[in-house]
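In structure tokens, the next block holds one chain alone, the form predicted on its own.
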Amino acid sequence: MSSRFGDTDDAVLTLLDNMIWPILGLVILGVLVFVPQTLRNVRSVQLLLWAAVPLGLLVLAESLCLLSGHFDLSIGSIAGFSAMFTGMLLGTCPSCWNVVSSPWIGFGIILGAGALIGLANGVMIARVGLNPFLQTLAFLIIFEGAKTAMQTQPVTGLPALYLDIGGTPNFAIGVLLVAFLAFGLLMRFSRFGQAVYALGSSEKSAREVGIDTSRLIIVIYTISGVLSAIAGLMLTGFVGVVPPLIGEGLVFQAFAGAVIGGISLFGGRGKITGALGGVILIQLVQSALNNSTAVGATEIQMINGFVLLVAILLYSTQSKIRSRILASGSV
């Protein structure tokens, strides 16, 4: 009898760990019934996935930080600042600096900018001892302000190759899928992935088994910064220019995508594949809202807030059920 209960609890825990997929299935059915034009053909699905690429890379960056027991509020501003700074160097608009013409140098600059900001985040948190919330909030404000100080108009005249990376739908979608596949394998099978989970479960225990937690935190934030910069590059290619509001507000959607995908807010638990499901769900809801005639453009931000609230409620319910099952001792 106890074995049967144990099997049932195992099944419930597995369902909880993969809750995103049945939810995504239900949302797809709802969209097909109420806003069918969102998924009317292959081209529509391709556009949806293409639009999800920048958000997906930010969700990946946030998921990595969350799994380690930390978080990063500055990912959207890193994406925006890196894209704007590089755009000003490459662009030929009247107010652009136009000091670099090679798109390859542009790739290096945008990735380097993201890496340096992420590195600074990691050093301030791991070595100086600043609270991750305060540190990344400060960088969010600083780099949002720096972006606006550089330019308040769209940056145009960027090299074609620089735009092609994010502007070619199949290539951009491929980058997103390869990134999730690579990090999924890395987190599951590598020592780095196991160290991140160990750090997220207990920093003290991780340190006691020989993990250099300070260095690991710095590496995690540096990777987060690079992924954020790639998101900025993809967003630039998707739009075709660097808009002045690039990257703003994306951090909240990234949090929602990671949490809906099953990444624990307290670290140490969650799957990268689940986070990918969260990305698709968030973008599907966004596209359905944009296509719906019942929802005005001014109401979309409010509904996005409700989506984040639902994500938090789902996470809370999931955690309570998991704790109750584990406390029963049947698994």
Partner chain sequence: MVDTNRRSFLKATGAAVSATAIAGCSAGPGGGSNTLEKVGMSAYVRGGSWITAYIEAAEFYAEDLGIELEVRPNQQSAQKQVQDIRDFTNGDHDAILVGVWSTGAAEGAINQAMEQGTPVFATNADTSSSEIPLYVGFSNYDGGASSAEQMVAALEEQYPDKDTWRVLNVRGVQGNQSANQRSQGFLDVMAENDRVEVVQTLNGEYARDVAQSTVQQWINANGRVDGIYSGNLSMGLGVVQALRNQDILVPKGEDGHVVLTQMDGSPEVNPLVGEGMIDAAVDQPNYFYNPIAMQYMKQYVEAGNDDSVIPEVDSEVTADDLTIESGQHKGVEMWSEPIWEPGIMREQNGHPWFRTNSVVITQENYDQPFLWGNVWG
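No experiment lies behind these values; they were computed from the predicted model shown. For the two forms, the rigid core is made up of the largest set of C-alpha atoms that agree within 1.5 Å on superposition. Residue numbers count along the first chain shown, from 1.
Keep in mind that the form predicted together with the partner chain is missing from the display, and what follows is about it.
Colleague: For the chain seen here without its partner, which of 141-149, 257-265, 78-86, 111-119 has a heavy atom within 4.5 Å of the partner chain in the model of the complex?
Modeller: Only one stretch qualifies here: 141-149.
Colleague: Taking the shortest heavy atom distance, is E248 within 4.5 Å of the partner chain in the model of the complex?
Modeller: Although the partner chain is absent here, E248 would touch it in the model of the complex, with heavy atoms inside 4.5 Å.
Colleague: Any chance V241 has a heavy atom within 4.5 Å of the partner chain in the model of the complex?
Modeller: Residue-level check for V241: yes, a contact with the partner chain.
Colleague: Does the partner chain get within 4.5 angstroms of any non-hydrogen atom of I280 in the model of the complex?
Modeller: No - in the model of the complex, heavy atoms of I280 and the partner chain never come within 4.5 Å of each other.
Colleague: Is G174 close enough to the partner chain in the model of the complex to count, meaning some heavy atom within 4.5 Å?
Modeller: No.
Colleague: Since the partner isn't included here, can you check whether the partner chain sits close to all of R40, L47 and W50 in the model of the complex (heavy atom within 4.5 Å for each)?
Modeller: The answer is yes; R40, L47 and W50 each reach the partner chain.
Colleague: Superposing on the rigid core, do we see a C-alpha displacement of 2 Å or more at V35 between the shown form and the other one?
Modeller: Comparing forms between the shown form and the other one, the V35 CA shifts at least 2 Å.
Colleague: Does L47 move appreciably between the shown form and the other one, meaning a CA displacement of 2 Å or more on the superposed rigid core?
Modeller: Result for L47: no, shift under 2 Å.
Colleague: Is N304 one of the residues whose C-alpha moves 2 Å or more between the shown form and the other one after the core fit?
Modeller: Indeed, N304 is displaced by 2 Å or more.
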